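Next up: a single chain in structure tokens, the form predicted on its own.
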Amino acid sequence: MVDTNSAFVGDIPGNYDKQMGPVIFEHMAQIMARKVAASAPKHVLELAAGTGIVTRHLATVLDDTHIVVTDLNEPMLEIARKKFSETEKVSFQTADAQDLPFEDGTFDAVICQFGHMFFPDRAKAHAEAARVLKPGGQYLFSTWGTNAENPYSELVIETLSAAFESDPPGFMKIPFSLNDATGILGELRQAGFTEPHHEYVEHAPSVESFDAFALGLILGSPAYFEILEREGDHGEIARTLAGHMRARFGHEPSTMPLKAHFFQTASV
């Protein structure tokens, strides 16, 4: 069983950032940054920031705003740090979203892109966000739709299941497991947030190379360790996956559908 809290190590953060990021994270990060900028916050906390894909867009659209960037995985933050100059008002800290090391009422906004599905206790994460927000502060986060709504992930699952029929890897189901918008809105109301809002976002990113994207998925996520544990051939599996993607989405340059949920609410 792969521990997703410690699996983004070694070369995984770099592959995640360079091969996966431009295809599946960049567009959603731009949307997140625009939503945050609309309230002109002066002090922003980002949870589960990974390699700073959202952070880079935030720093570009926000003027005179201090952004505190956190993640459980220090190797991911090491990649993120390299995207900023010393003069930019961005600081980095290893932190657990369920036990934040910040004072009450510190931030104007708390944000998170595609991190909540990895939190063992989302109620604690919501409560911590509410605690560190100033009154009226904004809480924004996104989650993916289902595997079927993001069909590249279905192809990863199918490819790995065929390669390891007796013990199929399961990581790729986790990022797409938090897609019940009604249930999430209920969680936010229980946590004391006011008038939570939800919207779907659909996007069809251009893919210049399915070989590169498939290799990024295999080498840039905990699927790497699932394959390693089963003594599989990462390169062969990535090539097979790229072939399945071409069969599904057409030859490059091509597009593929993505679907995400965005949630926004305010603290009391």
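In this text, residue numbers run from 1 along the sequence as written. These numbers were taken from a predicted model, which means no experiment stands behind them.
Another form, the form predicted together with a small molecule, is not on view; read the next lines as being about it.
In the predicted bound form, at least one heavy atom of residue 71 sits within 4.5 Å of the small molecule. In the predicted bound form, the small molecule stays beyond 4.5 Å of every heavy atom belonging to residue 108. Contact check for residue 179: no non-hydrogen atom falls within 4.5 Å of the small molecule in the predicted bound form. In the predicted bound form, the small molecule lies farther than 4.5 Å from every heavy atom of residue 150. Only one of 140, 97, 132, 188 lies close to the small molecule in the predicted bound form, with a heavy atom inside 4.5 Å, and it is 97. With the small molecule omitted here, the record of contacts in the predicted bound form names 118-126 of 84-92, 154-162, 191-199, 118-126, defined by a heavy atom within 4.5 Å.
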